[in-house]
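Take a look at this single chain, the form predicted on its own, given in structure tokens.
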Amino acid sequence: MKYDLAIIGGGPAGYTAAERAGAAGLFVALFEKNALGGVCLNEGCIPTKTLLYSAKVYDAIKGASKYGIGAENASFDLPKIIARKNKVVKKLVAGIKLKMTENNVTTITGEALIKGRSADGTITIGCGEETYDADRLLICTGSETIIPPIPGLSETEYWTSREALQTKELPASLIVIGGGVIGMEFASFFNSLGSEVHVVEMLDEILPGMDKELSALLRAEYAKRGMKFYLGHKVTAVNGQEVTVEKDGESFAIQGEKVLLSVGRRPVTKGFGLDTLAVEPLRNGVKVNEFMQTSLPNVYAAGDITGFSLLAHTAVSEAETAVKHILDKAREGMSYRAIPGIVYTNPEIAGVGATEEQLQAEGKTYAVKKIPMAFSGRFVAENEMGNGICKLILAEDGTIIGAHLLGNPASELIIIAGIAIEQKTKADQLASFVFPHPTVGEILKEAVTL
């Protein structure tokens, strides 16, 4: 059994590449050891956003009186929330399976193991009792949760995102170790449902990599809602329902019914025979060129294993770039100029392009256009007593190089700025576009016309 392309990993990168390559007429084999959709669909992006939407609806009902609507005694049913999440995931996994079938992709369930690469470049892969040959290989093995060597952690029944997504009992209190994207999204969910939430972050602000000013504003909003933050604190021990933290030589313990570990993820590079190919590594992943080729021309890599951003939309774009190159249709390589980052808290926070902190570290000159979201009539109409910030960062020549939004629906608006950054649009060009009124998106035009 010889294939034009073998793909290891059925997450966003893998199933996207399989669909595109199969649609173009290539003979494709897709190996997935668990469920199609990968971490994103089964344990990450989709299930968390499904839960967060339930929490958002609950928040809206609790605040309905601000809009002149009576909705007393709001309640929730956590098992039903989890059941709905499972239904959504099941539906989308079935959709991916159908796409594979429609595009003649051979889906092979099991653990793939790279056996080697012959003199003519043929890649041999084993799975179960069978072996498969392919002219090209695309590695999309994704990432895994980092488990740090914290004393006492291995003896504690802690949660990762996997366990948190399946719980049917609301903890009275929750300690979140790690104030990054995953940590803050779960903190938001459980805070909305009424848990006492503690967030421990080793750095001096939550959401590392996001705009620091907006991250601080989001933190302040959640502090008003009762969430407790411990910034610049290192976790030194976990003992059951007690987490010991330290800052400036002083330590104390935080009590919580459950502990959620969310200190980050790392690319999966072991367990599937990657070492047999001896491709060049880069940091904790695999080095690729602009067309996603590794140091072996017929071996490609896409998604978290490249170690760039560990985001599903980055993975999809990398996979598309790889397949275009395989089909000899790649006019240009992968661009990382405008990769949006979003945190689906309530309110949402989103950013794309350069941050002030990044530009300051690089010693670059820039200008900031910043405006409250309340300058948008639609935002005021739909966010009673709410506020937010729209920040655009311009280069010296007026080119938009960064954009950062706090306020709903930041996740849907950030692509406007992302397109502007990718196309190297200047502020006056963006200002010349006709934005529909009333929309929250008008805030971007308001910002550039300051």
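If you're wondering where the values come from, they're calculated on a predicted model, not measured in any experiment. Note that residue numbering begins at 1 and tracks the sequence as displayed.
Quick note: we don't show the form predicted together with a small molecule, though the next part is all about it.
Q: Check 172, 194 and 239: does every one of them have a heavy atom within 4.5 Å of the small molecule in the model of the complex?
A: Not a single listed residue reaches the small molecule in the model of the complex, so no.
Q: Answer yes if any heavy atom of residue 39 is within 4.5 Å of a heavy atom of the small molecule in the model of the complex; otherwise answer no.
A: Looking in the model of the complex, residue contacts with the small molecule include residue 39, since a heavy atom lies within 4.5 Å.
Q: Does the small molecule come within 4.5 Å of any heavy atom of residue 62 in the model of the complex?
A: No, residue 62 is distant from the partner.
Q: Answer yes if any heavy atom of residue 17 is within 4.5 Å of a heavy atom of the small molecule in the model of the complex; otherwise answer no.
A: No, residue 17 is distant from the partner.
Q: So in the model of the complex, does any heavy atom of residue 142 sit within 4.5 Å of the small molecule?
A: So residue 142 counts as contacting the small molecule.
Q: Among 247 to 255, 264 to 272, 203 to 211, 84 to 92, which stretch has residues whose heavy atoms lie within 4.5 Å of the small molecule in the model of the complex?
A: Among the candidates, contact is made by 264 to 272.
Q: Looking at 227, 334, 311, 299, which is the one with a non-hydrogen atom within 4.5 Å of the small molecule in the model of the complex?
A: Only one listed residue qualifies here, and that residue is 311.
Q: Only one of 411, 387, 423, 34 has a non-hydrogen atom within 4.5 angstroms of the small molecule in the model of the complex; which is it?
A: Only one listed residue qualifies here, and that residue is 34.
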